[in-house]
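Okay, here we've got a single chain as structure tokens, the form predicted alone, with questions on binding and movement later.
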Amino acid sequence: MYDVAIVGAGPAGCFIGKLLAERGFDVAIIEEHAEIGHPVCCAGILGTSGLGELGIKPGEWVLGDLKGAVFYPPSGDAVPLGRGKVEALVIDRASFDRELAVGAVNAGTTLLMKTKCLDISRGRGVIVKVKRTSGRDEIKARLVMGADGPASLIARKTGLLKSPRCISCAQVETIADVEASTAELYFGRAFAPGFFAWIVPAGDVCRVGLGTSEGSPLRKLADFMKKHPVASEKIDADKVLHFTAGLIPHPFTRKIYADSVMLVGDAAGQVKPLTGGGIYIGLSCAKLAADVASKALEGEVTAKALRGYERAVAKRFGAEFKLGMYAREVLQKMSDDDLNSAFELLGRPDVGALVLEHVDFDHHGELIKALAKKGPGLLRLIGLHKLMGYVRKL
């Protein structure tokens, strides 16, 4: 009988396991795979400010740094943006995840590998039904935490998943001719409808991937690598070293708590809507969840006792989620011509300066508000009347 059973040994699951174990709770992390950190579909970028805020010091899992980005609209005209300082780190996700797992174990957490969650039942506490190499088993706990990704079994089995809306992603590691310390982002409906494609230098290789709201991400990624007029000249499509696929959940598509249940990380839809990055927000929300869970475990772990978790997340990231989703919905509706016009605007020195003044790798809300405030005047000034409707929606 554990105090807490956490399903999923990704960053959020291991981080909250460590925090709760340090507070004296008996914690088990249930992980279906044989190895921490695999499989994962992630560009592997962490903002330096976010890491500092979380108290995580860079380790051997750092592969490189990013000082800026180059945006490619459908026209192919490059729009560089950067402040000449390190904004983010490119990481080895497997090593990063393992370090968090080691931290959880050292704090006293029990890590159950090759243990697949099949179902849960709730009554006085929770029974997690699992399949292990030795056969089927049951793990009892007072509280279960779903840290099992966008398609969370815990969310589905407890009725917390309201909508399965996700962005589908695919990524490969390969060789590409791009500048170190610079990420490249590609937009356009032909290759990445509803999202974008990326090339990120990661040590000796590059991560090339995309997200899409339509069709097969694998097929679109293959087309992007071979047919994009700019990217295909940089990518060696014949030297693919590693392939992964995954999902990016939409915020607000699931409730994050119920009697004896909490969701954290991707399972809770805790991602940055504009970029899909989930590590920083997931770990931040894990800290909030640990605070609420610690108090709830002093008595009955009811929905009422866990309600403060939703309130804390809404206070910390609610505006960020809302503004980010509005902005993403606008981008999803824009035609390629409109995207070209928008990035033409971004290339102006005054707009670029506005963006650099307000941009923060881990917090997009202030930038979105600044652009929405200044946008109408700028659009009128340069005659881009077609984009006015999009800006007003923000």
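Start at 1 and count along the sequence shown; that's the residue number. From a predicted model like this one, the values you see are computed outputs, not experimental measurements.
We do not show the form predicted in complex with a small molecule, though everything after this point is about it.
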Residues in which of 302 to 310, 116 to 124, 68 to 76, 178 to 186 have heavy atoms within 4.5 Å of the small molecule in the predicted complex? 116 to 124
Students should find that, of I235, L160, A296, L247, the residue having a non-hydrogen atom no more than 4.5 angstroms from the small molecule in the predicted complex is L247
I have E32, R93 and G149 flagged as a candidate spot, so tell me whether each of them has a non-hydrogen atom within 4.5 Å of the small molecule in the predicted complex. yes
Can you tell me if F321 lies within 4.5 angstroms of the small molecule in the predicted complex, counting non-hydrogen atoms only? no
Would you classify I256 as touching the small molecule in the predicted complex, given a 4.5 Å non-hydrogen atom cut-off? no
Do C169 and the small molecule share at least one heavy atom pair within 4.5 Å in the predicted complex? yes
Could you confirm whether I16 comes within 4.5 Å of the small molecule in the predicted complex, counting heavy atoms only? no
